[in-house]
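A lone chain, given as structure tokens: the form predicted alone.
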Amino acid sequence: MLSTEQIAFYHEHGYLHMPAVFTVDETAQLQEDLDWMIKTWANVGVGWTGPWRKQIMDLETEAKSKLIAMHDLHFYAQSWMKGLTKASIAESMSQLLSSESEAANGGAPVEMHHSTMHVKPCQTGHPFPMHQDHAFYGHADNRFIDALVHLDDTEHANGEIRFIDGSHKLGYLEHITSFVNDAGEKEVCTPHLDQNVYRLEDTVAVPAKAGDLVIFNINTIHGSYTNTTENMRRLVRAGYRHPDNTQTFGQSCGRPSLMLKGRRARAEDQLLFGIEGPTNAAGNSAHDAFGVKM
């Protein structure tokens, strides 16, 4: 359970470092299975695109920069299913997602939304420009918490997570999603904020140890530097939300996930979750943001 001070820190600053959430043995199993997924399932590519790359990387690093990634690790290894659904994590998320009335009645319900691998390879591991995660999986409100499972100790040299303190209070900001390339053509790119306005230099670094969680609000602005070390920097992001917080677009939109605490309330005219999407009693399907009849 989080302390009153920890809860207050999260709501004031938009992030929180939670040490030793996983035991040494749990962390070792997560590491082993992550390494197996990297070899067996994960994608290796150039990562995020956009003009920001040349703003925060020199030309040589930019040309070599790679990212190892995949979604929903809990569908591939038991250790990750058990780890991301730990009762202690669910209780902590419930505390942070609760309204006053919910806190007085056992805490908010909690749904796990997704998990995503973010591994920076050695030496030129992909940096991340300043952004909010809302740009990738938009929701109606900010009752959504991202949690970074650390499988390696992080520091400046390997690109620890960095936040603009209190930036979640700004709400969602419009992101850059296209730019004019050197050929004068419009090119679509990965959502990011203006790096001259929201700068990595102005962020608070939050280094952590293997087995720790670093959590943050869906609207907290964050980014990270390049991994310049000889070893991978292995992180996994898991998303936890209040099930009443309707998703509006992006990753995993319209897909129900695991209830970790409490019950999923039913909205007016909300359909059952069927095999191929939400269905009504007659077996007719509808596909909107979260199963509400269109």
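The structure presented is a predicted model; accordingly, all values stated were derived computationally and were not measured. Numbers follow the displayed sequence, beginning with 1.
What follows is about the form predicted in complex with a small molecule, which we do not show.
- Of the heavy atoms in residue 66, none are within 4.5 Å of the small molecule in the model of the complex.
- Proximity of residue 112 to the small molecule in the model of the complex falls outside the 4.5 Å heavy atom cutoff.
- Contact annotation: residue 144 falls outside 4.5 Å of the small molecule in the model of the complex, judged by heavy atom distances.
- Proximity of residue 168 to the small molecule in the model of the complex: non-hydrogen atoms within 4.5 Å are absent; the residue sits far from the partner.
- Out of the listed residues 161, 84, 215, 97, 161 is the one that sits within 4.5 Å of the small molecule in the model of the complex by at least one heavy atom.
- The contact with the small molecule in the model of the complex, taken as any heavy atom within 4.5 Å, belongs to 148 out of 90, 148, 193, 108.
- From the list 233-241, 22-30, 258-266, 35-43, the contact stretch for the small molecule in the model of the complex under a 4.5 Å heavy atom rule is 233-241.
- Although the small molecule is omitted here, in the model of the complex none of 139, 172 and 175 has a heavy atom within 4.5 Å of it.
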